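This document opens with one chain alone, in structure tokens, the form predicted on its own.
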Amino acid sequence: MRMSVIGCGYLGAVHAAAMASIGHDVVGIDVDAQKVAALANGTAPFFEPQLGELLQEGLTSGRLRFSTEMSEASGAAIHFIAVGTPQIAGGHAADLRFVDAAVAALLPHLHPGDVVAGKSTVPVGTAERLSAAVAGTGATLVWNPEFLREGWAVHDTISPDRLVLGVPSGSDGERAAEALREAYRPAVDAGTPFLVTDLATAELVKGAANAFLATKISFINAMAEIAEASGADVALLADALGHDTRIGRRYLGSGIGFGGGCLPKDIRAFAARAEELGRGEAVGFLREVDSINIRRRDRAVQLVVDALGGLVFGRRIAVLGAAFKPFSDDIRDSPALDVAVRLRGLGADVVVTDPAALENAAAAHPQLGYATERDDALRDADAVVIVTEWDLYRREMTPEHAGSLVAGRVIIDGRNCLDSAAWRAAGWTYHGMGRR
């Protein structure tokens, strides 16, 4: 099947390469000539496991190409809209300029029977607003939200846990649903649930999913605050809660909270849209979810200050991690970098290290110190803070080895990812988030 992917950022580049890998003929289109040139050369403009190999495979096979010209989309049966929807400047709502521009630019190249499938995360009602213009060309607009996890995006595209498709009523919607079912044939044949809904429900699914996940993370971090005040251990609490099949253990890892380019801005946009619909009170709890998330960053900084006797000015602090999560170089709204910047603001000599995100971090925060190697960051540090749970830190770094490099054996485990007993036994002063 011929298809186009409009927007070749994180979502679009992964989707284009993944669709080519399962046999489709795909053209990725983006207005950024530098990005297109890199992708056309087989170079991913961001870090994502397996993406480089998929790009090279698709380009070599001839099933994948990239262009800055929207006219290249002409003749495709399905056009995926995968542009960004950032938080609007000065507010919480989603900025839909890029979605609107992508659809407007695509309209002259649509033909009767084409399917335009939105993948961007948008406020409910966006698809209905855009449908009339698309229908005027004889094409059909549907919404097919993505549920990618950074670091697992290739897997989640090729082998998703569910496929959701919002379609208009009538025969046009039925035909569009069959086209998308064929596009995802390998996943559908493997048993992936294929859920066909109305447009509004499909738009709501992504926002609701992110709101639920953010709430679950902030819930356990709220429990960490109670644990700290009462002498309980939030990690043991999470284990006990996780055995309840109605709750489950996933996303009950307490720490410095969530970040990235999706979860924070998506829950804010979700709440903003609810306000516009006159139902803001239904999701008022999301404001507290956001507040709890930010408070955990404050708590991590305070733990460092307290561990160093109340004075961090001039003290060398090794910050292990810059990306908002492992297996990513994404520093957007990164709790890790936020903690590092706050410590630098208190006068600390901060040295940040990360296996993938250093270039992005240094460009955004040149005031921080950086070390490409973990051990260089650890050397002569008065305190160590783990803020991104890369295996390089949580599995491959022993307390004995780290202890041979630092000036002071003080460690703040911002992700509760270490064996606290082992570190204490090696002579370290260990501080976790909500742990005894």
Ligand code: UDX
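The numbering used is simple: start at 1 and walk along the sequence shown. These figures come from a predicted structure and were not determined experimentally.
This protein has a second form, the form predicted together with uridine-5'-diphosphate-xylopyranose (UDX), left out of what is shown; the following refers to that one.
Across the options 321-329, 106-114, 77-85, 179-187, residues that bring heavy atoms within 4.5 Å of uridine-5'-diphosphate-xylopyranose (UDX) in the model of the complex belong to 321-329.
Contact annotation for His15: none of its heavy atoms lies within 4.5 Å of uridine-5'-diphosphate-xylopyranose (UDX) in the model of the complex.
Although the partner is absent here, Arg273 lies well away from uridine-5'-diphosphate-xylopyranose (UDX) in the model of the complex, with no heavy atom inside 4.5 Å.
Although the partner is absent here, Arg279 sits far enough away that none of its heavy atoms falls within 4.5 Å of uridine-5'-diphosphate-xylopyranose (UDX) in the model of the complex. Residue contact with uridine-5'-diphosphate-xylopyranose (UDX) in the model of the complex: Pro160 places no heavy atom within 4.5 Å of it. When you look in the model of the complex, the only residue of Ala93, Leu213, Met223, Ala133 with a non-hydrogen atom within 4.5 Å of uridine-5'-diphosphate-xylopyranose (UDX) is Leu213. Residue-level contacts in the model of the complex: of Val351, Leu358, Val341, Leu252, one residue has a heavy atom within 4.5 Å of uridine-5'-diphosphate-xylopyranose (UDX), and it is Leu252. Every residue in the set Phe147, Lys206 and Gly259 has a non-hydrogen atom no more than 4.5 Å from uridine-5'-diphosphate-xylopyranose (UDX) in the model of the complex.
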